[in-house]
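Okay, so we've got a single protein chain in two different forms coming up as structure tokens, structure 1 first and structure 2 after it.
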Structure 1
Amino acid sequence: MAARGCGGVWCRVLQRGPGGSCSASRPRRAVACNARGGAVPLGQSGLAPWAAVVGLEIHAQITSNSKLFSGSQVQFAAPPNSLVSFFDASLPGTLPVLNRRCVEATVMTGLALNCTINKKSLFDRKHYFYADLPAGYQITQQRVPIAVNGSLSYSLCKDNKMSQMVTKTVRIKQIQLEQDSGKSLHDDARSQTLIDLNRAGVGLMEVVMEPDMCCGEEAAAAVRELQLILQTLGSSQAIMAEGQLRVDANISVHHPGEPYGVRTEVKNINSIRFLAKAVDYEIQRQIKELENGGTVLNETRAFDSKLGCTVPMRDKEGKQDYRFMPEPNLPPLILYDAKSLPANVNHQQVVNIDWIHERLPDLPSVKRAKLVELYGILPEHSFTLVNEDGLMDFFEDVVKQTQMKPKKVIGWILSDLLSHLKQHSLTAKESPISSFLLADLLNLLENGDISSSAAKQQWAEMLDGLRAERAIYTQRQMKCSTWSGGERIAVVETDPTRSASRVDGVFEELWKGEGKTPLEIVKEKQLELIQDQEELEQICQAVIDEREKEVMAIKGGNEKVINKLIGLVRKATRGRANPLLVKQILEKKLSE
């Protein structure tokens, strides 16, 4: 069974430096939890152990062409205030019209998260006053949301070992439909704030997770799994760099057996990596505050990614301050299933829960299980394939086109392709080496046309070609930085120490699109295995003649030294010699 709470994972966190500043130095102690979710003693100070409690509120932007209650278009990075209807601007006399697509996407998400779908849900007004909220209230679902009582299972590494995956479950309290606010743009140079209402009224799903997590690593893993589910369903693109997935973390600490402590909320975290850091820092900050005799305030905080710490924003507002009231301009939202669906009803005018349920795609957990069953790969390998954008499809395309066994293919995908794609900030979908070309290369290796070292050499040349191409591209782009997942990635620069022959490698030939196959390039660069045994025997004899010391050691009973001779032969042939055949030839000649 899946367990709630931390699973034997030590969570390192930052400590607050003198004078309230943030320190990135090694923390005095770490927060840890055992496999059952309980706390364990911290450090050697003899203090009672602490238990951390983490709950999340996640706002996911619904993938829809128009906003939740108006016909305004939804588009990222549009000119400011260019996508604002009269309703979005809250002009008098305008009324909301509910977007059917947003309702269906929320129902689909609720079903995927094992929620109970309420056939009757209600809309409410949540009052608060910000310049980017023209109406002075947000339309949400406080009393009766569209989905309740769900669960999300996720996996994470135990002790940072991919081979030791721990599965956990977090309860989903509810999923509610609500509208987004506008965006405030602060101009510190001119001491003014500008308002962009393009985002005002965009449909959101708020996923409220119960406080079943206890460290930043768990929170990050849960959000990543939710992100994958949303992207698989198509209910949200969930691109955090574009603000389509924003996380609020509620954090408190307490001694086991005592009531939960006062919680703080860290708002608007837009990166999974920053989420883990923010949660871990806030846990340690609260522990230190309490151990020094202070109190934890019920406040809203923000995570400063540059300093690596949380900073106060404002005191928490109580529920009564929001003055929730029923939304008078929207009737109850009525959903149907197969049993309650009225006869002779126009199916375009109702939302059928069962119809949506039947069309749910395979979720990430199902995909991982199928990969293990179908290809015999390890569970941790299936985890990586599904979690990396486009990598599973790339892997399956290669397997379909190559004679190599999937267990061997996965090594090339994870050890070679993925590592270099990450190095160059690319996804599998952006890989300059197509699945067809990689499969062709692996077929050459499997058929014995080239050795593994030659294949590696060809792969290295491909990657050097990629480095050269990306360097040219970044120079053309004035060395502008790229953004990935809300985090800045450095541009690729040229390395003047690299030889021209490697830059002009196989990959560059493929990149030019001249129609050359890997086999043609292998022959052109003379990377094919030497098939002439007489030629191999001559090379082996030359190595034996030059290495009298090693030959004497082998004849004296040290058979391991023969591996050195094999390496010398392969070096002389630039990796084009079959090591098994070379070993047979050497053993025969040494026994003469």
Structure 2
Amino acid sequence: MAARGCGGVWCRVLQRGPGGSCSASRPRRAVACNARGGAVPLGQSGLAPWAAVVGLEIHAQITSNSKLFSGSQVQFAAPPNSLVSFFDASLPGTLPVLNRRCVEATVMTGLALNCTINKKSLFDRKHYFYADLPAGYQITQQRVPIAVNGSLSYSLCKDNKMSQMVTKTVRIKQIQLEQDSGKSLHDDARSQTLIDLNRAGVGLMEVVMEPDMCCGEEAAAAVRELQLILQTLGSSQAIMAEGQLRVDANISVHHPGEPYGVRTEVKNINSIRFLAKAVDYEIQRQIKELENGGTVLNETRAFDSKLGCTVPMRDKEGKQDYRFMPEPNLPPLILYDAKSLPANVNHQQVVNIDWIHERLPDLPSVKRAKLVELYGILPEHSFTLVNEDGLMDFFEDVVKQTQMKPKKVIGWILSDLLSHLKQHSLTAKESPISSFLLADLLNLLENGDISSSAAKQQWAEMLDGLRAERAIYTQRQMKCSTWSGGERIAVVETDPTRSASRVDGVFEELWKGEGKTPLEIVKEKQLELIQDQEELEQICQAVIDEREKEVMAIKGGNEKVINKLIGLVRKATRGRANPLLVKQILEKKLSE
């Protein structure tokens, strides 16, 4: 047990009431969960710690043009029952024809998850009556699936600190191909059920993970890594909100050293955040139940995202006997490798494992390692780059187009771009600032054309423009034609309305797509560094004249005070002054 889990075990809050916490060495997540549990009387087990065991079954919809066994198109949110073939509707006499693309996607996924690919796999029928299962059975791979015995490595940060990442491994029991079901819509008011068979028969990969995880955070991290892998492979779009990735979690708790407890299954979790919540809630619920002398039932539960808790599912009461039997209409699925590939075979008719293996793209873990090696960035930064949708490509595009060192670029990407994107719930692909524009901006900075504060300011303006977009049209009239430097400072720092209107200028130009470069904007807005020595000297002199007290202090030997003056000059120039140059001028003037 010690090797797995959140680096520790679960414990109950012992009569400390809400907000109470376990000893400091215990993981933060566990503490937080325990705290949520509230005040609970001390159970029979006293101080004995609990360990949670979490296994996952993940259904990933395969990205394919047509369904697993029929020619119907696969498409999300199409009009109801518009993508249903005779086979999908289980008309008598129709037969399944296996979609080669689905097999290849599953083999690809199996290889990416370090699985053994079975050269011969079989299809089975799993029987149950449900309105959105027209044939009365699902074709799946119960006995011999395509891929078995794999593993998935994933990382998560310890104590929520990015700098302390730990890597864990979960064993993959198997990956099987199966049909998706249709969708039922229950209309309680009119007491009827509406059926949409568009999804019926879409190819699914069921990835079965061994119970090697022990908390919601681990489960969430494992699923996120799987999601990234599937998306990298293109075997599934794995968009959870569209139901392309659905997670069932098997959860039990026990005392380390004792046999596993009775498990419950929380079904159909459709977001990674909810997965973490559902697992943690269920662990706490089971511990509470057991500590209160109750028992955990082997049941199916659902996660209620609004209430943040799991509830028993009524429709799956009692044990189902699925009456598995071999699917007689599909011959065994034979896969080949370079060695076993028969000569004179029609390549359209066979799937060659080696061929697929050779063409596997770089997996997320390899991508991260390459980023670290190639750009000298920190491993935790590589995680963010890879895990955030499209961010890595954006970063690499910027790096290609700028002379700035990647190590410096990453700061801009992670602290500036990402935080702004998150504020607006955008992905990197949807960024209003293209990688080209950002690179241009960074180049200005790198060339010393503008200061970093000016760049950031401009940057903020570029992004804030998004928010101001609507305001642009109403505020357009307010745009001032000329500002003196002093006014400008005042405007920027004290008057948000006017600052927005000034921002308009930059953004309007950018959004109009007239191809204005940051350089042009900088020129227009007079943001470039003041190259004119005389002008700078005048500004410095003005500051010195205004700050007699500080000047006296410096002359009295307190040299640190000069920084304050430098700051004042920067403020006066709105960051358009080179600090080194300003220091030189001030020192010169003060020593006069």
Partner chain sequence: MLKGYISPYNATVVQKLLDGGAVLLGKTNLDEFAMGSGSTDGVFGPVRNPWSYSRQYKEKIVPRSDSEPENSNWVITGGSSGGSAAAVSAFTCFAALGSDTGGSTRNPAAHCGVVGLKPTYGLISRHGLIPLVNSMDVPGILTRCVDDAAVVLGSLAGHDPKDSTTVQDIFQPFALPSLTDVSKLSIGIPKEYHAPGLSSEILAVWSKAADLFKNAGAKVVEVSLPHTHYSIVCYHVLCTAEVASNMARFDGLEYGHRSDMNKSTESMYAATRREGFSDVVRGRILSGNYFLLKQNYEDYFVKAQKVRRLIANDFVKVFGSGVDILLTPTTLSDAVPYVEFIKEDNRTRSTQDDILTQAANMAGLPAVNVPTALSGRGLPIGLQFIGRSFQEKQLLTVAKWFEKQEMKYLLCIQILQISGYTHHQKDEFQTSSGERC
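Between two forms, the rigid core is defined as the largest C-alpha subset superposing within 1.5 Å. Since we're looking at a predicted model, the values are computed, not measured. Throughout, residue numbering runs from 1 along the sequence of structure 1.
Chemist: Only one is the form predicted on its own; which?
Modeler: It is structure 1; that copy is the form predicted on its own.
Chemist: With both forms fit on the core, has N65 moved 2 Å or more by CA between structure 1 and structure 2?
Modeler: No, because once the rigid core is superposed, the C-alpha of N65 moves less than 2 Å between structure 1 and structure 2.
Chemist: Core overlaid, G556 C-alpha shift between structure 1 and structure 2, how many Å?
Modeler: The alpha-carbon displacement, core-superposed, is 2.6 Å.
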